[in-house]
Ligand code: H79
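The chain below stands alone and is given as structure tokens, in the form predicted on its own.
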Amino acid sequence: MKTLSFGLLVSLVIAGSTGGRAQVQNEKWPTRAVKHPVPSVQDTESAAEKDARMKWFREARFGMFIHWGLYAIPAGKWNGQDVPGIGEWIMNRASIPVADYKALDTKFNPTQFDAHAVVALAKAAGMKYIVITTKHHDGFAMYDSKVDPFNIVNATPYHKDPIRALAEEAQKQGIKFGFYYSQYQDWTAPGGAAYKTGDHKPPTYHWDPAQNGDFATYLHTKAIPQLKELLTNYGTSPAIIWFDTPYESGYRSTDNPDLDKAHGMTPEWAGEIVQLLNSRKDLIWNNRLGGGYPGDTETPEQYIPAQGYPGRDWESCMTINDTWGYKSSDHNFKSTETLLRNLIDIASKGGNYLLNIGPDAMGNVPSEEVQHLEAIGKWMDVNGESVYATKATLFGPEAGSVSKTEMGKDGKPKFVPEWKWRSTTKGDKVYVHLFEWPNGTLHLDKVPRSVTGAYLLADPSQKALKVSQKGQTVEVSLPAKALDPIATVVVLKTR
């Protein structure tokens, strides 16, 4: 990838997904064929070592993203006015002065936050890991930082560390726990970077003189020391570090055409962070560090790529409604059907689904989000076998096809999805997730295995279904009605 492009990829955009974004929607994070100044674990490990390190992530398939911070207090409003866009970007979108935004910390007292309940909710939904914002772009640390006093323990009446509470609960309940950290953007620390919004002026796109300073100083006195705290103070956590919004020096973007290399994440600066990451040999980190480091995972945001990322581990991060951080006016929640079919679609392409919740200022998870996650969990209790530790489909055309006549926004042929069925596989089984119930018979072309039997995964008795196979064509006789209105899973036993 030679340039930093913010255009849409040729991708499968899920019905019901929105333009809300935590970072920059559908971005292509650039990586370069450079000699890294500090070799990363990805540069030095063997294929077998990588497989062992990535094993739990590849088996998990479903995780919880949590965006939570001071932005939950205004909840989308400033000075009585609705602020367009997503909740956690309110400081940037409303051009809130640093002093005014920091003053929110005296009002942040989330006494209803319950770490046990949050982890239990993730577990009830069938999620296998959690990633939470330890510091978003507003610069506020949601943990006990000795590096900077602008944090939940020192600056608020709450005086507790929710990250520690969640880390301890995650370990007790058997959930992997990871940290999101905004290493590049920081709107309250002098020298921290900012993305362009409205009339914010280049080259820094700051809107308050209090933000001005030297980026290298910010990086060395705040970001890197805080990352060291996060990597050393929370026991076995983090399992994942989730970086965000790097500007790669030497690149231009349509959003930030005036940024030069002095304001980008250089390979040398990124290499200093990599030195910390290398201290945790089991750590997984994403492709948003910057400096030419590809990390472990691709991170499509608010969409599902048409064919996944063959040969790369990947994770679609998506919202339940239109925002990541809590916004009181946003009730545009996706249906359980959409969320569950997203999960199945992602798993069928070999990826993970990182689904976001946004607690409010008191620490409560919105009831609609709880209801949707619990509903997904009920399906997963019965059918999770067809998602966890599976590999991508043996078929492919069921996801849709590239149009011969329609063009997408990127000028390339448009991918047109189909929503009749999806498939995953493992060992001696092929799972077929039926969204539309066939009239009596499931017909499959080009099955590359011998099928020895079939049954419905939701059938406790696993009653055998009649199967016939001629060459690679397979037909399975089905009962008159689906067992589940969202997705009924047919299991093919194979050899």
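Residue indices: 1-based, along the sequence shown. Computed from a predicted structure; not experimentally measured.
Note that the form predicted in complex with the ligand isn't included here; everything after this is about it.
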{"item": "Position in contact with the ligand when the complex is considered in the predicted bound form, options 206, 288, 128, 349, heavy atoms within 4.5 Å", "value": "288"}
{"item": "Listed residue that, although the ligand is not shown, lies within 4.5 Å of it in the predicted bound form (heavy atoms), from 234, 242, 108, 379", "value": "242"}
{"item": "Option from 382-390, 368-376, 270-278, 80-88 whose residues, in the predicted bound form, bring a heavy atom within 4.5 Å of the ligand", "value": "80-88"}
{"item": "Three-residue site 56, 176 and 315 fully in contact with the ligand in the predicted bound form at 4.5 Å by heavy atom", "value": "no"}
{"item": "The ligand contact at residue 195 in the predicted bound form, heavy atom, 4.5 Å", "value": "yes"}
{"item": "The ligand contact at residue 93 in the predicted bound form, heavy atom, 4.5 Å", "value": "yes"}
{"item": "Touches the ligand in the predicted bound form: residue 184 (any heavy atom, 4.5 Å)", "value": "no"}
{"item": "Interface membership of residue 65, the ligand in the predicted bound form, 4.5 Å heavy atom rule", "value": "yes"}
{"item": "Contacts with the ligand in the predicted bound form, stretch 454-486 (heavy atom within 4.5 Å)", "value": "none"}
